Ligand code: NAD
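Encoded as structure tokens, the following chain is the form predicted alone, with no partner shown.
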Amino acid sequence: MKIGFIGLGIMGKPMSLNLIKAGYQLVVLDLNASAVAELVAAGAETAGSPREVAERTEVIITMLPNSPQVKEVVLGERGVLEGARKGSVVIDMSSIAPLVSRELAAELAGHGVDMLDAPVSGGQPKAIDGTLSVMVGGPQEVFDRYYPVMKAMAGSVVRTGDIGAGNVTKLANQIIVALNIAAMAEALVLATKAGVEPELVWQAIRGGLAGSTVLDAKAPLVMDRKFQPGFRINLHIKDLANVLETSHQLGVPLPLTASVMEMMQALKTDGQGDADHCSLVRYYEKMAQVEVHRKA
């Protein structure tokens, strides 16, 4: 099976490398020449346009920043739709608005092309080690057929419903992650200001009800002051914008999500948009005039 992979960013590059390791042939496309060169060195072929990717493959995976980029790559000039054959499939693993996923799927279906919306969670570390969580929307038979492809990049691949359900699930995921990081930041800043070692607080609570994957992944980074991006503040802002847009369309109030969104926007304004989302702690540190770190 030959797979097209469009989008070799912080997530897409390691995901595509894992597909090659699993034995799949890849045709890749990205604006970043160095990322493309790395994939070519690993055995991938290149293409000059999304249309060419689709012409040469049966599965086209997209991993792009947001809805406008996915729409342009799939439906735009020299896009995937121009080259896709009847019976091929587009697996969009970007995190985009659910209504856009449904719009794309309807357009592709009119040309005999299937689609799955399959956003991921886990950040760069899990993209690298192939243990991402994939949340999938689309027909059961299409999901079953391409499950092995997605599983080659993931530890968990779960179908949550029809087209759009994958991105609804991702929105729910991003709410929980954002609020977890904010709660962790509040707690560690409080402990530090009170003179209690944050590392000991983390060790004490991580095995109880307050423990979580987010806590164990992000607390050590905060205490070691490692804010290089595994998942950028700017990308989480994009996801929360989709969350809030969808919630407004559905009439669902999300006051906690809106509060964390404003914190992230403040950090972006402060020049920290490209830092990891655990940088939320800096919002609290600035107000409390204290810094969370391990004991020297």
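Predicted model only: the values in this text are computed from it and were never measured. For every residue, the number given is its place in the sequence shown, counted from 1.
Note that the form predicted together with the named molecule isn't included here; everything after this is about it.
If we define contact as a non-hydrogen atom of the residue within 4.5 angstroms of the partner, is residue 95 a contact of the named molecule in the predicted bound form? Yes, residue 95 lies within 4.5 Å of the named molecule in the predicted bound form.
Report yes if any heavy atom of residue 65 sits within 4.5 Å of a heavy atom of the named molecule in the predicted bound form; otherwise report no. Yes, residue 65 lies within 4.5 Å of the named molecule in the predicted bound form.
Taking the named molecule as it sits in the predicted bound form, is residue 30 near enough to touch it, meaning that at least one heavy atom pair lies within 4.5 angstroms? Because a heavy atom of residue 30 falls inside 4.5 Å of the named molecule in the predicted bound form, the answer is yes.
Using 4.5 Å between non-hydrogen atoms, is residue 73 touching the named molecule in the predicted bound form? It does: once the named molecule is placed as it appears in the predicted bound form, residue 73 has a heavy atom within 4.5 Å of it.
Identify whether the named molecule in the predicted bound form is within 4.5 Å of every residue in the set 8, 69 and 124, based on non-hydrogen atoms. All of them do, each having a heavy atom within 4.5 Å of the partner.
Only one of 261, 244, 47, 235 gets a heavy atom within 4.5 Å of the named molecule in the predicted bound form. Which one? Checked against the cut-off, the match is 235.
State the residue from 171, 184, 120, 84 whose non-hydrogen atoms include one within 4.5 Å of the named molecule in the predicted bound form. Contact check passes for 120.
Option from 244-252, 53-61, 265-273, 31-39 whose residues, in the predicted bound form, bring a heavy atom within 4.5 Å of the named molecule: Looking at the other structure, the answer is 31-39.
Enumerate the residues of 212-232 that have a non-hydrogen atom within 4.5 Å of the named molecule in the predicted bound form, in sequence order, or give none. Stretch hits, in order: 230, 231, 232.
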